[in-house]
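What follows is one chain in structure tokens, specifically the form predicted on its own.
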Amino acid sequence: MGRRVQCQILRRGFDSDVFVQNGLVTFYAKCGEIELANKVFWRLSERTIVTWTSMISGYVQNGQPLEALRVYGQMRKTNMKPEWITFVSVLKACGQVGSIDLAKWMDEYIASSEFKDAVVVNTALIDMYAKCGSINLSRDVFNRTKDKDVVMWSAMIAAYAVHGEGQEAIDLFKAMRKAGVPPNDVTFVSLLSACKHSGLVEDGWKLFHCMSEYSIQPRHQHYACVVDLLGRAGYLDRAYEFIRNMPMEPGLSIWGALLTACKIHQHVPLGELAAERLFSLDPYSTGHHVQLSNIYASARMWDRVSKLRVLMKEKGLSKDLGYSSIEINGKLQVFQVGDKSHPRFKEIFEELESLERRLKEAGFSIDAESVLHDLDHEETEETLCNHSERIAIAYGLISTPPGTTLRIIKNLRACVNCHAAIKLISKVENREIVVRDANRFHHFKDGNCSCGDYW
């Protein structure tokens, strides 16, 4: 339909209008056609700050933060003056990349601009720092901002949530109420997320039921958080009963939360029920099939694993490849499982072997629950040791001075085995290691993790 409209634009001679051009760039970007948006963008004879911002935002929306930052760099060469919304888009890109050095540079740059006190920009800074692994820098921005609105309070609560600091999130909510700022529905999503990541079941339960005090009707997202809250804590029957009593039809997020909980606690019957509902709602979701496969594998039900893999193959589904990235000296390095494409791969794998010996000497052994394939012990050990986050850590160890904090970003949830191994690596190597996986942040230090083994 959009292409038909574009044809009309060309026929009527409106294709040179700057507002129409901006609309086309935004249209294609929001439809996921980022390359078409890019073609329109570079064909323009004149680019305004709105056009540049639309292109940057388009790349961010389509999960291509490095491209967004590249376009921003090209914009700066034209001496185009950024607007506040430009900064917000660039800060989102920095958060997606997870580069703390880049985040600090942007903070300093904004500090010299006219938007340094803009609440919306500072809110984006809070979110960026949180996603780059520094909750302290997020709080610094929050503290220095004078006029805080509900969005900023909610963003800071959300920052605590993703770092698993549930009690801090609840304390901030109390301070928010004391400051006379009424919460909105997003505030409660952030609060419930903080509780579920910290195992604060009763606190989360009370918060959910006090939403009516603020005339806020719970949405699917709130219900999903409660199911996740109960399920992660092992209250699977209670979570299922909660779903059955919902005043609305449970959707993907609800059943997805229950399926994840069943995977964590290896509850096959309820996991199958949740998966059945999910398959009926979204039959071509790879993630839900993989979750059920993992439940079967954890229970050593290899025949069902095989049948499910055949079903996935028939549907044309394939598991997402896990990868981890680490930034060293301003350069982002990305690794996949067993990756030997890096120029220093020999050094990396020598460090992996050395690290594995030291872990064994310290009493570490593989966790059988991480074995999601029917492999013998030797194959299992080799596979788990070569997970992408372990390779990224090995690269970080050989590339930085002793004591340097390593910051890793992983696209999937960290497995139980790697989580246990990284705890011990932080102690053996006397390093702080920050890992952002698909769910949250893990801060490893002195043999412990900030999540308290609850994720």
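Keep in mind that what you see is a predicted model, and the values were worked out from it rather than measured. Start at 1 with the first residue shown and count on from there.
In what follows, reference is made to the form predicted together with the DNA, a form of this protein that is not presented.
Although the partner is absent from the chain shown here, S57, S154 and N439 each have a heavy atom within 4.5 Å of the DNA in the predicted complex. This chain is displayed alone, yet in the predicted complex one of R238, R219, K104, H342 has a heavy atom within 4.5 Å of the DNA; that residue is R219. T260 is the sole member of N294, S99, T260, S138 with a non-hydrogen atom within 4.5 Å of the DNA in the predicted complex. Taking the partner from the other structure, the DNA in the predicted complex has no heavy atom within 4.5 Å of any heavy atom of L359. Taking non-hydrogen atoms only, S253 approaches the DNA to within 4.5 angstroms in the predicted complex. For V150, a non-hydrogen atom is located within 4.5 Å of the DNA in the predicted complex, even though that partner is not displayed. Under a 4.5 angstroms non-hydrogen atom cutoff, the DNA in the predicted complex has V120 among its neighbouring residues. The stretch among 350 to 358, 79 to 87, 331 to 339, 296 to 304 whose residues place heavy atoms within 4.5 Å of the DNA in the predicted complex is 79 to 87. Along 45 to 81, a non-hydrogen atom within 4.5 Å of the DNA in the predicted complex is carried by T48, I49, V50, T53, S54, S57, Q61, in order along the sequence.
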